[in-house]
Each structure stands twice: as structure tokens, then as C-alpha cells.
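Let's start with one chain on its own, the form predicted alone, as C-alpha cells.
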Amino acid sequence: MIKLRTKFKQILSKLVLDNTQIRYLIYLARFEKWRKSRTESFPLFDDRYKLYEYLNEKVIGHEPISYLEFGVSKGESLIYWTDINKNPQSKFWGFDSFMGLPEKWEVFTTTVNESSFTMNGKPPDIDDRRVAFVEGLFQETLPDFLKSFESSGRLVVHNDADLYSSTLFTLCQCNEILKPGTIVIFDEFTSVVHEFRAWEDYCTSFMRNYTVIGATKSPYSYFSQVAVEMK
């Protein structure tokens, strides 16, 4: 009888979801509700780079931009934006500690450990005078940066910090500069308990409205990248 109970507990432990997985399923349902509730018409792309090209060409029109990227790592997205937007008046800032994730990034099927994606404190080497890096944790660097920041062109905010805490902090701190017309991009939007949840909480708390202007949708990238325009 004791052995049977032990075996039952072992089986049950494999079937019962932990709190993280339950929360993920709840927010996955919320995400699907959000997706189906969008009534605006917007294009879908096979990958993030086609989305970036569309935004730069059709929405921005190659005009000057002030580009803030939160979560740089190797700089792939930042480099791509500097390549497609050659306007000499554009300015690009990359925010990162370059020491990897400051905390665990828990998703449904796995956990990405703290310090993952580390660059050992070294920013990527980008040969472009328009690019500057703001090194350190967002909580330590962003408030002072914003005190003197003035956008010199269309503001583009690229969120690739992965974590709920980091994404929510940057959105809340940037609320004053997220004026109508600002483009906000998410790189892991279907990480529903992180970037999606942070966006929902921010918009609810600050009563912000927006229009979805583009997203990715393919077998490998189902709404992972989403771009919105602030109202």
C-alpha cells in the first residue's frame, strides 16, 4: 500500500503543473484574447528583419529617428537598424549591463539562468558614430539618462530585455517620452508572463492606447515580434 501511494505521488508530481506553468497558461489565454481583439489591419512578416524594414521604409520613411534599445547583447537588432536607417541625423542608444540576465527568465518549458547572454561586460563593436551605449542595469542608468534626453527625430523604443521586471521598469520610466507617434517594438512578445504582461500592466496603469502596426507570424515566430504606435 505504501509503495502504491509513493508511486501515485510520483505520477501525480509529473502531471501537476507548478505555479509558473499555471500562470503561463493563464497569460497565454489572455494573449490569444488580445490577439483576436485587435481590429486594426496590420501586415505580418516572416521574421523580425522584414518587420524592421517595413517600419523604416513605410512607417518612418527613412526619416531621422531616436532609437532606444533595451537589451543589446550581441547587438544584432541595433546593427540592423543602423544599416537600414542611414539618416545622418539619426541617433541610437543601446542599454545593457552586458553581464547577461539579472535574474532567471522562466518560460513554460524551461528556465534561462541568470547571467545568460552575457558579453562579459563588453558592448559589441559597432563602427557608427551615431551609436552610444548606456552600460549598467536599467534601474541604475535610465532615470539619469531621461533627465536630459530629447528626441531629435521619430522615437523608436525596442524592448528586448526578456524579463517582466526589466520591461515594465523601462516602459514606466519612458512614459513621458512615449508620445503619440512613438514606435514601440517587442522582441519576445509571446513570452507572455514577461513582455506581454509588462505591456498590459503598463498600458492599464498609465491608461495608454496604441495601434498595432506590424508583427511576425510564421511557423517559427508567432507574434514574437510586435510593433505598435502610441496614441
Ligand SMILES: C[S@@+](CC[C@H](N)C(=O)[O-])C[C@H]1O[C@@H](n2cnc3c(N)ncnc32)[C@H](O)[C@@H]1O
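One rule holds for the numbers: they count along the sequence shown, beginning at 1. These numbers were taken from a predicted model, which means no experiment stands behind them.
We do not show the form predicted in complex with the ligand, though everything after this point is about it.
- With the partner omitted from this view, the residue of L163, I60, L178, L51 that lies near the ligand in the predicted complex is L163 [heavy atom within 4.5 Å].
- A single residue from the set E76, D144, D128, D83 has any heavy atom within 4.5 angstroms of the ligand in the predicted complex; that residue is E76.
- Contact annotation for F149: none of its heavy atoms lies within 4.5 Å of the ligand in the predicted complex.
- The ligand is not drawn, but in the predicted complex it has a heavy atom within 4.5 Å of L101.
- The closest non-hydrogen atom of V156 lies beyond 4.5 Å of the ligand in the predicted complex.
- In the predicted complex, A132 stays away from the ligand, with no heavy atom inside 4.5 Å.
- Here the chain stands alone, but in the predicted complex its contact with the ligand, taken as any heavy atom within 4.5 Å, falls in 63-71 among 25-33, 198-206, 178-186, 63-71.
- Taking the partner from elsewhere, every residue among F117, G136 and Q139 has a non-hydrogen atom within 4.5 angstroms of the ligand in the predicted complex.
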